[in-house]
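We begin with a single chain expressed as structure tokens, specifically the form predicted alone.
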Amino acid sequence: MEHSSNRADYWRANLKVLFGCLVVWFLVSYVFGILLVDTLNQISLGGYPLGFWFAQQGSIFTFVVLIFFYAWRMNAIDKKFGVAED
């Protein structure tokens, strides 16, 4: 019984990290890069309009950071639940 509870908790923690990453991905790529592009373009970052920056470089930087965050967080969750690969 405890084993299935542990598996459910592990899966819940995994989905929580995954959902958080997908929310950030959606905000950066779709909301900031498309929906709010005209509003963000009124702000300049490094000489470029912020909306353009999010649509080009910002989303790529954010996605790379998300990959490292996801790997780091999943390793921590794996260790917490005793399923880490060592």
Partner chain sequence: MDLQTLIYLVVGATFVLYFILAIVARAGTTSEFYVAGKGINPVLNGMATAADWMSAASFISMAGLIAFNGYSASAYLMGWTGGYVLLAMLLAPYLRKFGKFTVPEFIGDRFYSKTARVIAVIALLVISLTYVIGQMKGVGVAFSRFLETSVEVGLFAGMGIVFVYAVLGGMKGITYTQIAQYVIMIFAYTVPAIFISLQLTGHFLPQIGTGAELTDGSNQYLLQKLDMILVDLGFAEYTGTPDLMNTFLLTLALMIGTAGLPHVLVRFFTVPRVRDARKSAGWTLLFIAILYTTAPAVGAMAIWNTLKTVQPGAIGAEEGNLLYEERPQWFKNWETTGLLKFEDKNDDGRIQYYNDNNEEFAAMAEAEYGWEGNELYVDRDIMVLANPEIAKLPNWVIALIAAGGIAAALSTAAGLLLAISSAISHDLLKGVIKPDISEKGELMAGRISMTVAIIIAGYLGLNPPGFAAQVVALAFGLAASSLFPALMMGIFSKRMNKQGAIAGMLAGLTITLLYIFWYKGWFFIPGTNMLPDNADNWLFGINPTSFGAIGAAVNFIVAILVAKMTTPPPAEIQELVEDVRVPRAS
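Quantities reported herein were computed from a predicted structural model and do not represent experimental measurements. Residue numbers count along the first chain shown, from 1.
Below: the form predicted in complex with the partner chain, not depicted.
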Please check if I43 has a heavy atom lying within 4.5 Å of any heavy atom of the partner chain in the model of the complex.
-> no
A13 near the partner chain in the model of the complex, any heavy atom under 4.5 Å?
-> no
Does D78 make contact with the partner chain in the model of the complex, using a 4.5 Å heavy atom cut-off?
-> yes
Those residues of 26 to 40 which, in the model of the complex, come within 4.5 Å of the partner chain by heavy atom = F26, S29, Y30, G33, I34, L35, V37, D38
